[in-house]
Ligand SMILES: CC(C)(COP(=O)(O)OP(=O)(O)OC[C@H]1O[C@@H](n2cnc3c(N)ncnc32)[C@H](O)[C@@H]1OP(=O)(O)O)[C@@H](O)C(=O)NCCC(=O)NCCS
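Take a look at this single chain, the form predicted alone, given in structure tokens.
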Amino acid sequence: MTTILEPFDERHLVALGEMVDDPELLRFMRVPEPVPPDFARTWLDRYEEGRRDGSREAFAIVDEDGAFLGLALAPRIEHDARTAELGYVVAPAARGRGVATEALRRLTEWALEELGMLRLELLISVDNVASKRVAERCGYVREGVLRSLHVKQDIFEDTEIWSRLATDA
């Protein structure tokens, strides 16, 4: 399947709102529960602000027909340290088709080539087996576990940190 990354914007708000209704998705996303009614708009506003100041970026993952498949994110970009945290989330209907792997490959290339990052990081719940497989397929290396990391509200969980360096093959 061909996936395209395009800047996350107004066109994607309805699809994002529908996507965050999925309990499986919410389990592993840093989205407040219950999801606030204005969540999609607030998230877009936050990423647009980050786009302007260079501190974060968000892309919609779409197919060749423009159908929304998910999001590819850079929730933290540190230009001085040349380090970025990346992430991805795929809509339920698009899972199991290689969308996350292709999106992370494209996002990784963008961060290394366009931003000139030297270190990329993924924070993945120890229970998120599918996401760890995506990280491995894209050449990320598991560095260890951040114990009892604050995820959202009063939820703390063990989270694996994975990295990829610009010098990795």
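These figures come from a predicted structure and were not determined experimentally. Note that residue numbering begins at 1 and tracks the sequence as displayed.
Beyond what is shown, the protein has a form predicted together with this ligand; the following relates to that form.
When this ligand is considered in the predicted complex, L149 lies well away from it, no heavy atom lying within 4.5 Å. At the 4.5 Å threshold, heavy atoms of L25 reach this ligand in the predicted complex. Using a 4.5 angstroms threshold between heavy atoms, V129 counts as touching this ligand in the predicted complex. Interface membership of G98, defined by any non-hydrogen atom within 4.5 Å of this ligand in the predicted complex, is confirmed. No member of the trio V31, Y47 and R76 reaches this ligand in the predicted complex with any non-hydrogen atom inside 4.5 Å. In summary, the region of this chain contacting this ligand in the predicted complex, judged by heavy atoms within 4.5 Å and restricted to 133-141, 110-118, 33-41, 47-55, corresponds to 133-141.
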